[in-house]
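Coming up is one lone chain in C-alpha cells, specifically the form predicted on its own.
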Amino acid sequence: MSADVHQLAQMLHELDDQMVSCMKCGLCQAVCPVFAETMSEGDVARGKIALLENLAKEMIQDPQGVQKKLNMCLLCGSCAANCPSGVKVLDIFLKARVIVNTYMGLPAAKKAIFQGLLTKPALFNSVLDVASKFQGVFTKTANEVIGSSCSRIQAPVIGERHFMPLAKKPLRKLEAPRNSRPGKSGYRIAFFPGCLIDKVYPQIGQAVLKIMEHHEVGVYMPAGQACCGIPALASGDKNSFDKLVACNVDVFEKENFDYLLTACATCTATMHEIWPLMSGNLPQSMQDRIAALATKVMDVNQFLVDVLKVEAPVAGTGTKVTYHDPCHLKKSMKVSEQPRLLLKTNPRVEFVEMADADRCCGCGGSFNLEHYTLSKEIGTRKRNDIVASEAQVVATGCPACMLQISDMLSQHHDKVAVKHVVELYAETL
C-alpha cells in the first residue's frame, strides 16, 4: 500500500492506451488452453481485459481478487498470436501484474526467493549445488526412460509430480567459460544457457557447444550469468527483474559477437521481446544498452538453419520422433519450421507430426506451482497427442516444456524419451 501513487498512475495510463484496441470479439476463447478447461469467461483474454479496464477501482475494492484472476493465465501468448486486432495481450498482462503487485506488495515467500536468492546468482548457484547432493535422500526414480523422479514422502510443494532431478554437475562446472574466436564460419556467438539448462539439463548446453565447435563458430560464454528474469516479472516483481537484466547486460556487453543464442524458448522471448518492453522506466542509457543486446538474441534452431544454412538430407528412418512447439518459440519468436528441419538432419530419425503440435503444454512457470491440477489437465492433452503419434521420442526447444511433458508422460508410465532438438542434431556430428 506504500507504493508511489504517481508511478502507479503512470503505469495505469500506459495500460489504458494498450487496451483500447480490444474489440471483445472473443476469438481468444478458441485458442486459450485455460478457457478450454474451465470454460470461464474470466479466464480468457477478453474477460481479463474487461477487468483491467477498471483496474484502479478493482484494486481498491478487491486487490486479491484481481491478482487471482491475473494469475490464472499461462502467459503462453496464444491469444495475442491469434488476435485479429493485434492486441499485445501478453504485454498488457505482464504490466498489469506489476501494477497489482506494486500496489499490494510482494508476498514474503516470493520476496525471499526473488530478492534474497534469484538476484544473487552466486548464492543461488551455491544453494542448488548443495541441494543436488542431497536430493537422493528424498527422491526416487519414477521412469527410467525419461529419467524422472518422484518424492519418497508426501511433500507439500512436490505433491504427486514426477520431476527431473537436479544435474549431478551443472553446466558451469562441466564446461569452463568460453571466449573463442570465429573459425571458417566467420561468426561469433554469445551463449546464454539459462537456469534450467545449467542446473537440470546440462547435456543440452554441451550439445550446443559441440555444434558450435563443429561449425567453427566462435563462442563467448562468460561466467556470472543470471536468470533471464521472467520468473520474477511474471510474479510482478519488476525491481528484481530489472536487477537480473542489468546483471546480464553487464556480463555480455564486455565482448563483441554477432548473435546472443539461447536454447530455451522462454529465455529467448524474454530477452528479445520483454527486456526492451519493460525498460521504459529506466534511464535512457540503460534502455539503449538493453535494446542493443536484445536485437542480437536468437534461438539456436533459427541460427543453425537461417544463418548457418544447415540443410536436411533425404528422409531418415529408425527412431520415430515428434515435435512439440513451445509457445514462446512459435507464437512470440515465429520459429517453427527450423527445429523440424534440424530433426530431419538425423538419418536415424523418422519425423512424425503430432496433432495440435503448437497447443500449450500447460507449464507456464509459476502457473504450474499455483494451479497444478489445471496445469496437469492441460498437460494431459499434450501427453495424449504425443502417445497417439506413436513416437518413441518427443523433442522440443524449451527446457520448461521438457519438465512438464516429462511429468505427464512419466505419471502415465509412458516409455517416451524427452529431448531437446539440439541433442538429436548433435548426434549427427
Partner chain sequence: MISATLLATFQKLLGKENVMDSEADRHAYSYDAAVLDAVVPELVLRPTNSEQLGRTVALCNENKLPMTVRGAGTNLSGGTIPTKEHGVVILTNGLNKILEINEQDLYAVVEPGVVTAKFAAEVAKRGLFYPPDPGSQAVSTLGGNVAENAGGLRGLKYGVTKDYVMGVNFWNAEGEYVKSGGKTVKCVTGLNIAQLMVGSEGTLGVYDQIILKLVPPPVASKAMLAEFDDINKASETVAAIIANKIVPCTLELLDNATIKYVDDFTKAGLPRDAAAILLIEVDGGHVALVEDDAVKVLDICKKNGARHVQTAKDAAEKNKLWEARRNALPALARARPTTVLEDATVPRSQIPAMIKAINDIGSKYRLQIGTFGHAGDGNLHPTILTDRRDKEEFTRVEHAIDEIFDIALQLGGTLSGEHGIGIAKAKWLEKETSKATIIFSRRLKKAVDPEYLLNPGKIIGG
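Quantities reported herein were computed from a predicted structural model and do not represent experimental measurements. Residue numbers count along the first chain shown, from 1.
Below, we turn to the form predicted in complex with its partner chain, even though it does not appear here.
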Worksheet item: Is residue 46 close to its partner chain in the model of the complex, meaning a heavy atom pair under 4.5 Å apart or at it?
Response: yes
Worksheet item: Taking heavy atoms and a 4.5 Å cut-off, does residue 42 contact its partner chain in the model of the complex?
Response: yes
Fill in: Exercise: residue 61 in contact with its partner chain in the model of the complex, heavy atom 4.5 Å
yes
Item to complete: With heavy atoms only and a cut-off of 4.5 Å, decide whether residue 83 touches its partner chain in the model of the complex.
Response: yes
Worksheet item: Here the chain is shown alone; which of 384, 392, 366, 29 has a heavy atom within 4.5 Å of its partner chain in the model of the complex?
Response: 29
Worksheet item: What stretch, of 64-72, 384-392, 368-376, 399-407, brings heavy atoms to within 4.5 Å of its partner chain in the model of the complex?
Response: 64-72
